[in-house]
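Let's start with one chain on its own, the form predicted on its own, as structure tokens.
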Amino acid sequence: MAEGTPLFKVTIDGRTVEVPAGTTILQAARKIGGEVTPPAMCYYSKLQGSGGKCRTCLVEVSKGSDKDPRPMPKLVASCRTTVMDGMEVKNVTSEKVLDARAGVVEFLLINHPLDCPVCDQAGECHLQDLSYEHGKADTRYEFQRRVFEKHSLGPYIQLHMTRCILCYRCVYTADQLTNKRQHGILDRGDHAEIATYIEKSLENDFIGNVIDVCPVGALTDRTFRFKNRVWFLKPMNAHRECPNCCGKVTLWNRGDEVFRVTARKDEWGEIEDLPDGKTAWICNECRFEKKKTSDWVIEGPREINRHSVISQGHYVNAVVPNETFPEVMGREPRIKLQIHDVSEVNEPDRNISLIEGPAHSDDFKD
């Protein structure tokens, strides 16, 4: 933040935070965290120009500013609206917002197939989380869904356009991270699709990052497809000396086997920043070719939000429950029942521990 930049106070769902001028409502909400933060399917802070397409981050501005306290007449996209000093915003405390967000989810799911049982994105899909938290149990759509043919974008990336929500993240990633973008949006309206112009493969050394930025299962890793479910894998932080990228990744292991490699993501599902402020994008060599534990220096288990299904059974910082028996009885447990006193199975004077080898029925005959 430049010296002398004014700070604006903004209140979101009753919680106030000070942010520099030019900060969007969504960025201010992320500083507060928790349920105050609107969901985002197209906005990605590391990609210039992203946001303003999915409308899932709509919020109600009940007070424009201290100088002009009038509320904004319509819901606004929090990823595109900058804060003003004294602004008051409603997110989950607004019935208008919740109703509009449910409508947006319904529109996103109109053409989306029910592929969750076979989709590799299941368990870490932002659309799954959004539909669970803001969607409805049924649909009013009765017409035929839009269907596209599957496209192979080279040996590493599989495109399922039918699942795509046209968030444009992968286009911005290729535009800003690679030397030459080879795919984009073709056609318009209901026929719009992500595709390459002449069935080209995406071969840039950093193009694998489109898999990490995709919020749904439209772009998946062909080296990982159908091999395992993410909630059966253990994410581990690891690094290696890579001449092409930062080399800081998350390994997804089951036992000693590495099933896939991804970039490290923060609590918003975006790729983390490095200490020097740069984004920790990773190259194709690290992502697709280094699939042995010996290729990496393991740092330790990756902390996963307990809200995620991936964290179930992934016991990081787990607390072992206390034994309640000593507290109730006032002493350590001892033999609770002398079985010989209540059963006639064994003779009371027969010590089984003194028998050489396994005990047999012959040892208890008179």
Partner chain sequence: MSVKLLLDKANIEGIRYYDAWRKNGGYAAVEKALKMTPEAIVDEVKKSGLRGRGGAGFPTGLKWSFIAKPEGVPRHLVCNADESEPGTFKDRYLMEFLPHLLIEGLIISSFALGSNVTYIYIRGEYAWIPDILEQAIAEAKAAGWLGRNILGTGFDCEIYVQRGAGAYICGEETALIESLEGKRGNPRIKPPFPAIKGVWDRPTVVNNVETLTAVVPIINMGGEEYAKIGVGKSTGTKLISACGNINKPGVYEIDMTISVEEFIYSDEYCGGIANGKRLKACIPGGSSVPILPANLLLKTAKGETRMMNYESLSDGGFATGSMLGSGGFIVFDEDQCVVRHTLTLARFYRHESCGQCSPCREGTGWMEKILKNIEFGKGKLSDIDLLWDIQRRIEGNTICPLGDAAAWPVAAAIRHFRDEFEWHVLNPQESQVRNYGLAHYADERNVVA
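Owing to the predicted nature of the structure, the values given are computational and were not obtained by experimental measurement. Positions refer to the first chain, counted from 1.
In what follows, reference is made to the form predicted in complex with the partner chain, a form of this protein that is not presented.
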Do Gly52 and the partner chain share at least one heavy atom pair within 4.5 Å in the predicted bound form?
yes
Touches the partner chain in the predicted bound form: Gln144 (any heavy atom, 4.5 Å)
yes
Is Lys234 part of the interface with the partner chain in the predicted bound form - any heavy atom within 4.5 Å?
no
Although the partner chain is absent from this view, report whether Gly103 comes within 4.5 Å of it in the predicted bound form, heavy atoms only.
yes
Only one of Lys291, Lys227, Arg80, Lys248 gets a heavy atom within 4.5 Å of the partner chain in the predicted bound form. Which one?
Arg80
With the partner omitted here, the residue among Leu186, Val92, Met84, Ala122 that in the predicted bound form has a heavy atom within 4.5 Å of the partner chain is Leu186
The stretch from 161-169, 268-276, 147-155, 209-217 that lies within 4.5 Å of the partner chain in the predicted bound form, judged by heavy atoms, is 161-169
Output the sequence-ordered list of residues from 70-97 with at least one heavy atom within 4.5 Å of the partner chain in the predicted bound form.
Lys74, Leu75, Arg80
